[in-house]
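The chain below stands alone, shown as structure tokens; this is the form predicted on its own.
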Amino acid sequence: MEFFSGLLSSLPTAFELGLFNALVVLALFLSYSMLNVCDLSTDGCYTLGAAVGAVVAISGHPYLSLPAAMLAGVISGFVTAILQTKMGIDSLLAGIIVNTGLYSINIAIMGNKSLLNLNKTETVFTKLKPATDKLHDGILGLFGAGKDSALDKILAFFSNEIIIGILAVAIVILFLSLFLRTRLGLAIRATGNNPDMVRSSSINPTMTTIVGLCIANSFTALSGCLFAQSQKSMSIDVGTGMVTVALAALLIGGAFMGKGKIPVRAIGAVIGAIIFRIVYTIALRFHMPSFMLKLVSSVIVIIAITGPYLKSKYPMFVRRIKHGKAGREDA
């Protein structure tokens, strides 16, 4: 009973982190699913967004930290795209190179420190808390409910951080849904499906790759910025393993909503991110040592990747078992 009560108390945090991670998953949805580029610079770009967002917020400009972090992500995506389109470097190797270089750049942005404290810093979340509190009270007033009512307890789940996370994710999904229907968006999707056909159609695949990676990395950096400000701290290793987590969440979401229109698939990616964080939270409730958590992430990734494959092979496996039984009965 104590296990389940502890798990329920951890769900708001898991939901919050799932929403922030969902921005990275949506970034990979664009770069990996649409553009067919596996961007391994995700870890460094996530940390870059967190570092830029933290430094700008500390300087007294919390709202400016969001576009600043996204601009840093655009620059990171531009460098990654140039390396693989103009320098002839393989996309995987280009991501690794940028990810390695960003470690030093992130340390420099943080003022040669590996940790920044934002406890006494105004962030986007502290600035918008009065607005979310008014929204909470307004909903209670609309339905004529008071404090400690059932509605108040339900609304208590949607903390300031969760509301802002939902808003950020909704804006990104709306942007992707509209952008990928434009001529440029369709060109990006076509580049991922068949770059040779794109070239024959007088579309420059270099341009579409650059634009796609710049946009994707801006989402990744925004995710890091929001995470750092919500946690009131920024560590240099905050983005370690983020590409693994995002890919697992993307595959989990694909298992639920892998087909359909862009908005449905994007929502599936968000659901996958939240499910991953819930599973991760359950693992934490078993009091696993910290060094085992990376193994947990790897196991979740393996299950997410092999699940659809094993599901497709399941009918053949059943037929073989039935055929074997029939053969033994005949004998």
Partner chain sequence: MLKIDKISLTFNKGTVNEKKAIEGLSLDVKKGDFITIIGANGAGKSTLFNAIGGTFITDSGRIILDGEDITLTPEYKRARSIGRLFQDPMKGSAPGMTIEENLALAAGHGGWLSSVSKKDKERFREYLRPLNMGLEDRMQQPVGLLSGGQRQALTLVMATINPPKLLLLDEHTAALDPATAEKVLELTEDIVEQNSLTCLMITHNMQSALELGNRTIMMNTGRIIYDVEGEQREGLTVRDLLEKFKEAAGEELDNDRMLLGN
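All values reported here derive from a predicted model rather than from experimental measurement. Numbering follows the first chain given and starts at 1.
The following text describes the form predicted together with its partner chain, which does not appear among the structures shown.
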- Query: If you check in the predicted complex, is residue 134 within 4.5 Å of its partner chain, heavy atoms only?
  - Reply: no
- Any chance residue 187 has a heavy atom within 4.5 Å of its partner chain in the predicted complex? yes
- Task: Decide whether residue 148 counts as a contact residue for its partner chain in the predicted complex under a heavy atom distance cut-off of 4.5 Å.
- Result: no
- 4.5 angstroms heavy atom contact with its partner chain in the predicted complex for residue 197: yes
- Message: Only one of 200 to 208, 135 to 143, 245 to 253, 109 to 117 has heavy atoms within 4.5 Å of its partner chain in the predicted complex; I'd like to know which.
- Response: 200 to 208
- Message: Give me the residue from 103, 125, 158, 179 that has a heavy atom within 4.5 Å of its partner chain in the predicted complex.
- Response: 179
